[in-house]
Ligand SMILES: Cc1cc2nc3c(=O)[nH]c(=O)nc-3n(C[C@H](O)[C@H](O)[C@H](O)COP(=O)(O)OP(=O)(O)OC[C@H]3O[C@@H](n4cnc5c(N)ncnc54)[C@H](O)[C@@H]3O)c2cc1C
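The form predicted alone is given below as one chain in structure tokens.
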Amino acid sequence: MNKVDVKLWKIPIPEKPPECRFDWTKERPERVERCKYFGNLKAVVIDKGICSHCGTCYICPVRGIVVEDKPIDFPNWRKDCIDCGACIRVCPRYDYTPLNGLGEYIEAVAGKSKRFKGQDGAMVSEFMAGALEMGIIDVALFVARDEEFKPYVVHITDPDQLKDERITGTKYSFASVMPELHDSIKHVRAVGIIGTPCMISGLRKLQKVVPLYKQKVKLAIGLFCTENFYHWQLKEFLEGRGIDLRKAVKTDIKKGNFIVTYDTGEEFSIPVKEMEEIVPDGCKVCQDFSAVEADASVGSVGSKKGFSSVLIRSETAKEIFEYLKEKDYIEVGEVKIDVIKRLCDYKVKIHPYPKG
């Protein structure tokens, strides 16, 4: 370590960081490196290539951490980091032990919405619409897409908003769900979020140290996930194969292929194995396919065409599902749990941890 780092590490820490949302007076996490806490996060998570880009660390009180379409960074951390430790307290990859398997669940079922269109059965939309109608939440954070399929986060307060096709469907690029949650948490009564397994893990770690998030995040829907991509890399990769995301209405991963469907109905299929070069390192150490920490996990694997497979994990999710059935908003089918388990096991196989 250079002399500048040591000097900055010894700078007196302010009595309380600005807009701090957690009790930082408790015993602080152990440092691996003798520098500020973000320096520790950088050394242990980012530089080692295990950062999932979940964005939970955006809780940084000085908002120095940048969560964009590139690896997580805090450009001026040596100067601006106030050494509160928030970033490593909520990071799901700090002191990382991979989660995997099917996880605990109350019920496994297939479902199809009768009122919304979605990636498959639109069950994510139904869960959030049901939660809004029941008063469990007053806003849901959804990932929409622009004309180039680049994701951005929107606030849904009325189920009718979910009829916008730019909101439904999978985007396969990192979305700033957690930063949006951090920015809006003080302004909502109760919120629901949808996220990849790493985002759900980030939320759960966050809820353990910041009571406000435990109080206000009432529903977390996890998505089945094998890997995700930086949008700019995915866009360039597809363009190199003559595929224009501006013409796409749907992207999907099925049977080992990345599929892009145009508005004309034309389909393009690329073996996922050929996309290995653009899979972020943080995805390559993740073993959680089924989002084991979610209230309900949703994906297409294990159910027939047009349906979503759902693993109901919490009583809240069970209550919402029963409401949807009672209102006749959904068609219910059977799910092949062995097929989902096979994908869970496959992800462990292809993503060993530690590396090698």
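No experiment lies behind these values; they were computed from the predicted model shown. Position 1 is the first residue in the sequence shown; the rest follow in order.
In what follows, reference is made to the form predicted together with the ligand, a form of this protein that is not presented.
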{"item": "Candidate site Y172, V177 and C225: all three near the ligand in the model of the complex by heavy atom within 4.5 Å", "value": "yes"}
{"item": "Listed residue (L41, V298, I59, A317) with a non-hydrogen atom within 4.5 angstroms of the ligand in the model of the complex", "value": "V298"}
{"item": "Single option in V124, A220, C87, C286 placed near the ligand in the model of the complex, where near means a heavy atom within 4.5 Å", "value": "V124"}
{"item": "Candidate stretches 136-144, 238-246, 202-210, 95-103, one within 4.5 Å of the ligand in the model of the complex by heavy atom", "value": "136-144"}
{"item": "Any non-hydrogen atom of I194 within 4.5 angstroms of the ligand in the model of the complex", "value": "yes"}
{"item": "Touches the ligand in the model of the complex: I167 (any heavy atom, 4.5 Å)", "value": "yes"}
{"item": "Exercise: G118 in contact with the ligand in the model of the complex, heavy atom 4.5 Å", "value": "yes"}
{"item": "Close approach of S290 to the ligand in the model of the complex, 4.5 Å, heavy atom", "value": "no"}
